[in-house]
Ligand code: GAL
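The chain that follows stands alone, in the form predicted on its own, written as structure tokens.
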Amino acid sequence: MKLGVCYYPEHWSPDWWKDDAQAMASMGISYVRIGEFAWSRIEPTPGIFDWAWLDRAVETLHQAGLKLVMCTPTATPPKWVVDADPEMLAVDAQGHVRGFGSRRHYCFSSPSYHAQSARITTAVAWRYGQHPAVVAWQTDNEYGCHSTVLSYSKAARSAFRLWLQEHYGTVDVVNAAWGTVFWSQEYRSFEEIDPPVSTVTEANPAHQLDYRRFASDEVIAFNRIQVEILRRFSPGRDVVHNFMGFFTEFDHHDLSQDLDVATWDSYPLGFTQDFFLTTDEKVRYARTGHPDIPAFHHDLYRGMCQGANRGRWWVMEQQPGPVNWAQWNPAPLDGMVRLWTWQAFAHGAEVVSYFRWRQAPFAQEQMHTGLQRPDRSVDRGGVEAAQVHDELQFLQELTTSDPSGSAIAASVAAQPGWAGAKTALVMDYPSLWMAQIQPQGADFNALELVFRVYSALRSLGLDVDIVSSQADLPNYRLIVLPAHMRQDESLCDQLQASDAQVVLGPRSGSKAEAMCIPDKLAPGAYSALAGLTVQRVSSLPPGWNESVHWGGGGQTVSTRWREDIVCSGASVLATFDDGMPAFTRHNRTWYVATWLDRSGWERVLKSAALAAGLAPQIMPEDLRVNRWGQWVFVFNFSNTVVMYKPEESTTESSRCVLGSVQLAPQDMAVWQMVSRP
């Protein structure tokens, strides 16, 4: 459990660097990320490098005892790189070249930019790869930010044709897979196939899906070029990338197989304002952020790396105050920066790094706060970061001196992956692409559905692993697939072999790999598990609500989507107004045939969790609890005082080591579960 910060020495007078480094160390900062946007200062002229300033900055930070995360500066190629080959720029869906003047102005398919990226990565890695202060490398910065994964350049078109040839072998196989006989779209050669853009009406959905898969693979290949260079010149250091929130344009699971640590950039208030929450939710959580937005991503990115690095993740950028990029940018309530930091640690973060050290008084991000204000005074985020450091030290000293338990950090580090979760939520990027390509209803947002189901699980007090469809699932008691549209025989075999309770959401198994309806109708490969067949679907316009009547009594609300299903073994547990099944169970498999409201999902998940032998409980509103090994973390996101003490058992008692039973608004507590004699 360490703190970090993002620092830009090129933005400040060198006379400030030593004071900054000492102030960071005094605040409790251990890790400093530098260099991700500094290419024009590192190489101001083609082939002419200016290392002196960066050498001095690295040494200054090193002398203060700080560990460095060095970055490859490829997210912002200088103007001379662009002028040398303007065709390296991405092209958007309207055919506009995405020009120089901000950032992320390159196409992932550009051969010339691949070469430039490899060249600057090699130069920086050779220079600093063996420096004792450098403990990790970040590749590029926020792949795909500003909608830059999908490019329709000449280079992308050529690369897509090669990708198709490698995956299909012959164009006849493409024609058969895509169903190009429809609307006379058949191709005679790969050279006739263009990207699916600028068509009169919607492009062939299978064509679109393959372009999404291709574009994702291009990001992964681009990243791999840098990873291989960094491992050659800087062995033994972690290689990381900083992912984003609610971003699905490439398969993060695939890319993470080349990383040691998955990191992500956490901006709870920005995500609350910019994404699919209701107006009421955006107002309610304007200054705290939705309680489950950070947690959802913490659990998602904890599930990225596998093998020896399983479960390793950081927050690379933590919001320290108001940001500049959301539709609206409120200031967090006092205490929220501290709460967000502890929430990340409660989900297993090794490092929480704040963005940024000092607010810049110029350029695009001057309205984005830091731990310091532009005048070098400490902002509220800096005060709370220092508080977290003091609390970490207090707990470290308390627990190491107490024979009843070891230090929290040691306890967490010893846990293999997520120590408390018996619930897995499966998130599949190709399934999300399928829903985006063919939503059928304008407001059917599969990512929102995944988040809403996750949020319902957390409101029941359940710890959750978010995993890929390729993950090993035998140790889970409850496996939830909220929006798994892709028919997946391998995953189906795992679910069949598992002893877990399985919950399938609407549209499960409704598409084969080639984006067509399965031969035996939805839920496709999962039909035998679910004991039913989907015969017809309806998307429901806003204002059209249906009641769901539960067999045990009571009603909840259904919106957006419903399916007409025929049971072939499944028992009906809830029905629509017309008596058709809305929720069923077949042995260990539960099927939801509609878009349920929050209370509906809580009923479904509570029933499945109880059947799984778990102990779900409806938590006080806006209270969240995490258990990691012997440690229980409690967070109050509400504006009222909340009382909470962990449940004890015949084998465990609890003691509060930070905070108390009474949690003030925006407060938190840490409890230790101690074995009874």
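Residue indices: 1-based, along the sequence shown. All of these numbers come straight from a predicted model, not from anything done at the bench.
One more form of this protein should be noted, the form predicted together with the named molecule, which is absent from this view; the next part is about it.
Taken together, R103, N242 and Y267 are fully in contact with the named molecule in the predicted bound form: each brings a heavy atom within 4.5 Å. A residue is said to contact a partner when one of its heavy atoms sits within 4.5 Å of a partner heavy atom; W325 meets this definition for the named molecule in the predicted bound form.
With a 4.5 Å cutoff on heavy atoms, F37 counts as touching the named molecule in the predicted bound form.
A residue is said to contact a partner when one of its heavy atoms sits within 4.5 Å of a partner heavy atom; E218 fails this definition for the named molecule in the predicted bound form, lying far away. Using a 4.5 angstroms threshold between heavy atoms, H368 counts as touching the named molecule in the predicted bound form. Note on the partner interface in the predicted bound form: the residue among W137, F250, F355, F583 having a heavy atom within 4.5 angstroms of the named molecule is F355.
Screening E317, E391, D238, D292 for any heavy atom within 4.5 Å of the named molecule in the predicted bound form leaves a single hit, E317.
Residues of just one listed stretch (141-149, 422-430, 194-202, 79-87) have heavy atoms within 4.5 Å of the named molecule in the predicted bound form: 141-149.
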